[in-house]
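Presented below, as structure tokens, is a lone chain in the form predicted alone.
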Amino acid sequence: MSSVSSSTSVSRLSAAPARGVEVRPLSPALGAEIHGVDLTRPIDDATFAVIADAWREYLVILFRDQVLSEDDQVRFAQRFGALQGRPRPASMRAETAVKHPEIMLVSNIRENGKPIGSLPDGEMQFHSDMCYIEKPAKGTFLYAIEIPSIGGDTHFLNMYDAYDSLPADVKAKINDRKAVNVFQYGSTSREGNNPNFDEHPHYTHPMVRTHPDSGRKALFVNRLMTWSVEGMDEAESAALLDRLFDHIEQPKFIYEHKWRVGDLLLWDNRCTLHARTDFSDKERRLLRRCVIQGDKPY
């Protein structure tokens, strides 16, 4: 899906009384780029109001050409809420050089044969961050430090639109249903993933959640981590989930982001999904991630 040209009229939000700040849509599905903000500096209330409004409207926000320290990234994230700790046990984390324990490095780089971060290689299917805990992440902040020449793109799904466009009979079937979400640490694909519920974190959430700020309904299932529908036998559950996965992954719901060094992306984890495309293991990829605490879906 091609991005909207920079010559496209900016959103009404760009008229807000913040000095030189512009908000420009990135695609018809979701996403906007914000110009005129230096995230290495404290953000005044007027500018933050523009950013927060844009996030509510566009779900995914991009800031280009940022030169951010770990402290800069954390300070910006904390304007939106408290940082979420990492559910992965400390003994299973590779990040030893980060200042903040909430930071995760998404990287394929290895030093002395050992990874410096998490989720190192290849494609990663659509998912919602931390949907396998009681209170999944509210928002995710991902900053690009090293990027391969080809691939490693991130695709985002608008789960409001995915829900709204469902046939009435499917909505009726899922509106009051819950599904089990589980994460097998290190897994990037459903194929070959056989989670052990005694070992891997999991939680049951509504298949349709209400966004606490907008009041809109969004689908809350994903191919990577949503494993089964509560109250259905295995065959019926699998058939329903496959139908939903095929529906939500249509191109009309997707914004495809091609990373550049210095990009910071913020997305609303409550009404979007994201996935990663494949990339060469001969090239380095390093991004820095933190998330903010969310609420229990309802």
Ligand code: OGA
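Just so it is clear, the structure is predicted and the values come from calculations on it, not from any experiment. The numbering used is simple: start at 1 and walk along the sequence shown.
The discussion below concerns the form predicted together with ligand OGA, not included here.
Ligand OGA contact at H127 in the predicted complex, heavy atom, 4.5 Å: H127: yes, in contact with ligand OGA in the predicted complex.
Any non-hydrogen atom of L166 within 4.5 angstroms of ligand OGA in the predicted complex: Result no; L166 lies far from ligand OGA in the predicted complex.
Distance check, L119 to ligand OGA in the predicted complex, heavy atom within 4.5 Å: Yes, L119 lies within 4.5 Å of ligand OGA in the predicted complex.
Partner proximity in the predicted complex: L142 to ligand OGA, non-hydrogen atom cutoff 4.5 Å: Heavy-atom contact with ligand OGA at 4.5 Å: present for L142.
Answer option from I133, V106, V180, V74, heavy atom within 4.5 Å of ligand OGA in the predicted complex: In short, V106.
Contact stretch among 61 to 69, 37 to 45, 266 to 274, 236 to 244 - heavy atom within 4.5 Å of ligand OGA in the predicted complex: That would be 266 to 274.
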